[in-house]
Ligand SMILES: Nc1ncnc2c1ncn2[C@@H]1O[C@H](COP(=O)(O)OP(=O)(O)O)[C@@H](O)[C@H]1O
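To begin, one chain is listed below as structure tokens, in the form predicted on its own.
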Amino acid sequence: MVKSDPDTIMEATAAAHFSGLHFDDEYPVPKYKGADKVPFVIGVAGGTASGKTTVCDMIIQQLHDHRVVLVNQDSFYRGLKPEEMANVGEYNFDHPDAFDTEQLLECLGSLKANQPVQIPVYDFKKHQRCNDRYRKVNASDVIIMEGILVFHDARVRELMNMKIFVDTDADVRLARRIKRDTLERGRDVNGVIEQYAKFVKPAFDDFILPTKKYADVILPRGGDNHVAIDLIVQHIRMKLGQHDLRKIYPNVFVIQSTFQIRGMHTLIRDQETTKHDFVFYADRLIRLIVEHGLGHLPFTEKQVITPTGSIYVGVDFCKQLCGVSIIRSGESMENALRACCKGIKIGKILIHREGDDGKQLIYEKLPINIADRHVLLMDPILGTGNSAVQAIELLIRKGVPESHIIFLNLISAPEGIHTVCKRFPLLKIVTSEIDAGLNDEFRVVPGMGEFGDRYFGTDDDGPDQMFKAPIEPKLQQSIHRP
């Protein structure tokens, strides 16, 4: 159901009614400002056990290629005072005063400002917050705020870009609440029913149902209404796409995200991940990026005869190809390229940092006929973009056409994408994720730390590996100023 004006809401009773679903443009569209993306905030309200969490989970699953965080209003219950605990059966947990709205506002404000927050953890059996436990939540593309009274306070509503009210039959909600509270919260059936009749239903009529008028979308049947949820997700994707760098720069390609890829990113970004696991999962991701990058090379049609005697019309690989790694992190991508392209020539470029505003090229060794080849430039992290610009300018000076360069990396910062794409609009960038931006120390955040140190083990304080000392002087001799 869609709001037609502030006072009139037209209710939909079947999924077919959503065929004409539209959304008002009254809520603000996130705008891209430098490295900051204003998160898209979705409020999901409704009666107890209406299916709000199920709806949120379905939205999160369909938005798997975006960073999404779920914030539950239940986390912001106030801890009961001793006198309230002594008479807990008379306490109304569905009243607006049961929540710490000021802390909720503070957390939402920080998340909208791309700042991490500590969400409290509430113990529903003890009716107290856990003093030693918090849930850390980082800034994300989408923030979903879920709870029975998230529309009650006007200040909270103003922070939302979309407001969804999950409308489920009262008998269904009561049955779900009985099952949830007895199994998950250790309460007896009679107590749940008594609380429902005394507090929950009156609070729904007095505080929750009136907030339905603020909803942009009313969702009958909750998670069972797949048609409506699909349309909601399409709208969210459209809004997010308005500040998507891929819309701004058509030469930026991000490999399609899956839970498998997000899982590997989670592992390599975790500071507790061992070097062995970091290298293993980084190699897997790099292989996917290399394969995707090869897909952007020119191909020619080729016909072959199959073992069945049939003709198969396919394509022939690009023959004039080479790789160039930016020492030293870029060298971690060489094995994946060799595995995909047998016998490929690989050049090297070393750029020494002189602060973050300038770079100094101190070594290069490239194939002699590189001007006649397509070049896969490799560096796992695109941060400020200064090193990439130096390397790309060198390749162009060597005669490589800008359109023949494909820059492969694991993660990119928006600042680096702006720097490279504005300077070289014909070059292609292939990455697996675009991060939030750079911090004050010009490090990509959330990032994964110093990639080269983690990959090659030079951040390890453990004992030196055998032969490590003799190898370093030879490497030092081979890298010299031209």
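This structure is a prediction, so every number in the text was calculated from the model and none was measured. So that there is no doubt, residue numbering starts at 1 and follows the sequence shown.
Quick note: we don't show the form predicted together with this ligand, though the next part is all about it.
Q: From the candidate stretches 383-391, 247-255, 223-231, 150-158, select the single one in contact with this ligand in the model of the complex, where contact means a heavy atom within 4.5 Å.
A: In the other structure, the partner sits against 223-231.
Q: Since exactly one of His352, Arg180, Arg129, His296 fits, which has a heavy atom within 4.5 Å of this ligand in the model of the complex?
A: Contact with this ligand in the model of the complex is made by Arg180 alone.
Q: At the 4.5 Å heavy atom threshold, is Arg287 in contact with this ligand in the model of the complex?
A: It does not: once this ligand is placed as it appears in the model of the complex, Arg287 has no heavy atom within 4.5 Å of it.
Q: So in the model of the complex, does Arg135 come within 4.5 Å of this ligand, heavy atom to heavy atom?
A: Looking in the model of the complex, residue contacts with this ligand do not include Arg135, since no heavy atom lies within 4.5 Å.
Q: Would you check, heavy atoms only and a 4.5 Å threshold, whether Thr54 touches this ligand in the model of the complex?
A: Yes, Thr54 lies within 4.5 Å of this ligand in the model of the complex.
Q: For Thr431, is any heavy atom within 4.5 Å of this ligand in the model of the complex, or not?
A: Because no heavy atom of Thr431 falls inside 4.5 Å of this ligand in the model of the complex, the answer is no.
Q: Which residues, if any, of 155-192 lie within 4.5 Å of this ligand in the model of the complex when only heavy atoms count?
A: Those in contact are Arg176, Arg180, Glu184.
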